[in-house]
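Okay, so here's just one chain, in structure tokens, the form predicted on its own.
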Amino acid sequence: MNNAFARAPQRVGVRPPRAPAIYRHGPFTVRVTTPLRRLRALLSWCYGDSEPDAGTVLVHFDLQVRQGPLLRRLFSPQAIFRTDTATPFAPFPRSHAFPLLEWGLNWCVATRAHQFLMLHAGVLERDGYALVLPAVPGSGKSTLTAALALRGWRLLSDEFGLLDWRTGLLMPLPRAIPLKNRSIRVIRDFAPEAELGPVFPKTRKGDVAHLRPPAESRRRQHESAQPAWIVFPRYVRNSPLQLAGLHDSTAFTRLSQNAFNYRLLGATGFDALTQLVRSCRCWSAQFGDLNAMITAIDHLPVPEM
């Protein structure tokens, strides 16, 4: 476990509340109710204090993580994720309650937030311009997103590129970045100061540890950004850096395949994706060295608006 996490609740005097906790995640307000002390402590460490509920807060997602049946609590404790309308997952081991909650919130956003075109992508911002990193699982997207966030880029999201088709801007959703398996060691070596939570071994996605979102990214989580670059990253061990420009039509096709709700939105999704591609410079990238990839991204030219 990272020492920063182990000390965080004691250092700031946080005693996680038993009452429902309310957190703002970009355009969404989330209420979390759970009796699990360990989960409440991790939420406080990762996202800070719960916001006060004056009874007037519009809650977009009402989430619960409950304990399993009494007999299971004695022999094999469980955590059960529930929303106000569904129980979408089978129970997890109680020790995996935090990744269960994070994946559950991802499920809620992906299935309900259709006021946005949702891209499966890491998104970061620098000087008002946003970088979009669409990728399939296993491409190194989360590792690259985490590394850029630790090198001064503002984290908008590791999972969702939320495109507001009315404005053409990308909305922030800065949450914990789940690093898996070898990526945990890569980020620890890359940035020893990185604030990583505990490693959850043998989850359904392997070993997972969460990078705490930078405080500046959380502070600015209501500031949208103008999309400027789209880079499709692919990590290949020991590969030299290969950065190639993409034609708009190719980028459009690949983006449409990396969107959660492109088909559901129909013509609106088509128009939004067309405008996004036209407003950006697009590349594909294959890399085996994280520092070389970051250097290349840092030197991408800003497109003319």
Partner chain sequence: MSPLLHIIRDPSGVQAFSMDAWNRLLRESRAHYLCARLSCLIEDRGLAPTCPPEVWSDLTAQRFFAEHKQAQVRLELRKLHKALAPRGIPMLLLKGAAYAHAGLRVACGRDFADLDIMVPRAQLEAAETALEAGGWLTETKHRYDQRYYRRWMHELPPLHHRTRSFEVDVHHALLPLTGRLRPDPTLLWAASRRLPDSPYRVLCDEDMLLHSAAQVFQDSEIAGELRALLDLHQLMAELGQREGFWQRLLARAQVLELGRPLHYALRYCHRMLGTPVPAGVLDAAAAHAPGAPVQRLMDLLVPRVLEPRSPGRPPARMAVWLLFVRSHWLRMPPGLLAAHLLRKAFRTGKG
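This structure is a prediction, so every number in the text was calculated from the model and none was measured. Residue numbers count along the first chain shown, from 1.
Keep in mind the form predicted together with its partner chain is missing from the figure; the text below concerns it.
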* Among 204-212, 173-181, 126-134, 78-86, the region lying within 4.5 Å of its partner chain in the predicted bound form by heavy atom distance -> 78-86
* Touches its partner chain in the predicted bound form: residue 242 (any heavy atom, 4.5 Å) -> no
* Report yes if any heavy atom of residue 62 sits within 4.5 Å of a heavy atom of its partner chain in the predicted bound form; otherwise report no. => yes
* **Exercise: residue 112 in contact with its partner chain in the predicted bound form, heavy atom 4.5 Å** => yes
* **Interface membership of residue 222, its partner chain in the predicted bound form, 4.5 Å heavy atom rule** => no
* Which one, 265, 276, 46, 32, lies within 4.5 Å of its partner chain in the predicted bound form by heavy atoms? -> 265
* **in the predicted bound form, residues of 158-185 near its partner chain [heavy atom within 4.5 Å]** => 165, 166
